[in-house]
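So this first bit is one chain, no partners, the form predicted alone, shown in structure tokens.
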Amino acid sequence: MKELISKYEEYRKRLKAYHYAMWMISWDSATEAPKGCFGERAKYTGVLSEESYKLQTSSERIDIINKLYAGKDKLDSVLAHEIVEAKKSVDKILKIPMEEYVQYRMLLATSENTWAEAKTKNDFEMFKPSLEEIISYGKKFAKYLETEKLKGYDLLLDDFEPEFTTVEYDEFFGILKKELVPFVKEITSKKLEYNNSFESKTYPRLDQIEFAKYIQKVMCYDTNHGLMKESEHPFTSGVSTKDVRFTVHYYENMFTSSIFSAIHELGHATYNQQIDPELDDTNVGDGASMAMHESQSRFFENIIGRSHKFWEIHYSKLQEIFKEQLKDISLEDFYKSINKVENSLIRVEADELTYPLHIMIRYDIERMILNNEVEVSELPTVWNKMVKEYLGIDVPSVSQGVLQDVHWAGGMFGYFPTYALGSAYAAQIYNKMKQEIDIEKILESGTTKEINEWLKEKIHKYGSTKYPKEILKLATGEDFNPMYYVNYLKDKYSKIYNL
């Protein structure tokens, strides 16, 4: 068994080296690579993908994993969990022909750049061929990988959140529709009175960067092992606790966007930096799932970052940086502005209350795509129709509509529902946290240090050595209950809108 483990670890080390190289290329592509490089780099991405595929599917490695899987009861719990997941991964990749796998990876090496250009130019036709190819591969791979239990869209959903398929999501979204849609209508029928003159002013990009750096300190981000850059769509990425990076996008006519995207991404980064470093060299040193990851970003962005107590401490710094723009704006004005509820076009800018409606739109469209109920050419029309249905507003352009998110360009079908599920996880975690620590008093200290420590002990340290449902139960003492999310939203916004 010791010899098998040693050989497995050697394969793991080599595969992680390929992953590190691919990750570095991906980071560079999204942040500062010159536009003309993508065709050339796609060729070498193909070479790396092919070599990685050969390693993953080598007969020796598969034999090692099968033998360790057969003897998993003799392994420590962390390695046993890793081997179970390695066995699943091997069983999957063996069903995908190497040539198709490599071609798909090469497609993804250029598709995000194509999407970014199409979004900038407001041109869906520019991105359409890439999206058609990505969806074609997705459907083909889903067919290769289907089991008696998982088929089609359910297979992709399970990839991002284990044990959550359309059955579970339909039940979850059904509760949200029943409880929140009428509440949203009631809230949006009321006007929130405050001085909104600052919302139309210009906020220089460099000043926004200064405040984002300030937020890094507030949230105790380790800049010795992390880096902040700019990208078209904010994201967080890392390969170990030693290298966790995030990006922000700056709009000079909408400065709160960079504030909350920074807080959101730092929530992800905090999770990654606080995983037990002993897991760095394993394949279980990442977040437990996408929804668990989103629970951390949504917790910091909304529950902490949009709270009154947070801005009681940090609003003076914001005013210091934006002296002219905020000199006559009170804390109450700012607090109401960042918590104003309105039906809007852009998901990442949506208020906390209407946000899940944006996710439902994408969930419904993705299911239609995977069930062959809609063609790619029809997506802008379908998108606009559903935005009108769910949010009651018209979509003026594809950049503000079907092209606004990067996820489909990266082949991430099944990811979107985890944003809403993560928000619900966050509310349940928050309910338990406030029973055990004084959150408001901690925020008065000026940093989130003690909150980070609570999350590290309850959630972060495990990485993905356990499944998300188990971690949630360990952290809260309960199985998943979406009513904590519903009650949190109703309580918060009833107070803000004096219902």
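In case it trips you up, residue 1 is the first one in the sequence shown, and so on. These numbers were taken from a predicted model, which means no experiment stands behind them.
As for the form predicted together with a further copy of the same chain, it is not shown, yet the points below apply to it.
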With a further copy of the same chain left out here, work out from 426-434, 34-42, 459-467, 444-452 which stretch has heavy atoms within 4.5 Å of it in the model of the complex. 34-42
Non-hydrogen atom within 4.5 Å of a further copy of the same chain in the model of the complex for each of Tyr169, Pro356 and Ile393: no
Identify, from the list Lys336, Lys92, Lys229, His407, the residue with a heavy atom within 4.5 Å of a further copy of the same chain in the model of the complex. Lys229
Which residue among Asp243, Glu252, Asp276, Glu85 has a heavy atom within 4.5 angstroms of a further copy of the same chain in the model of the complex? Asp243
Quick check on Trp27: any heavy atom within 4.5 Å of a further copy of the same chain in the model of the complex? yes
Wondering, does Asp281 line up within 4.5 Å of a further copy of the same chain in the model of the complex on heavy atoms? yes
State yes or no: in the model of the complex, is some non-hydrogen atom of Ile62 no more than 4.5 angstroms from a non-hydrogen atom of a further copy of the same chain? no
Taking a further copy of the same chain as it sits in the model of the complex, is Ala17 in contact with it (heavy atom to heavy atom, 4.5 Å or less)? yes
Can you tell me which bits of 214-228 touch a further copy of the same chain in the model of the complex, meaning any heavy atom within 4.5 Å? Thr223, Asn224, His225, Gly226, Leu227
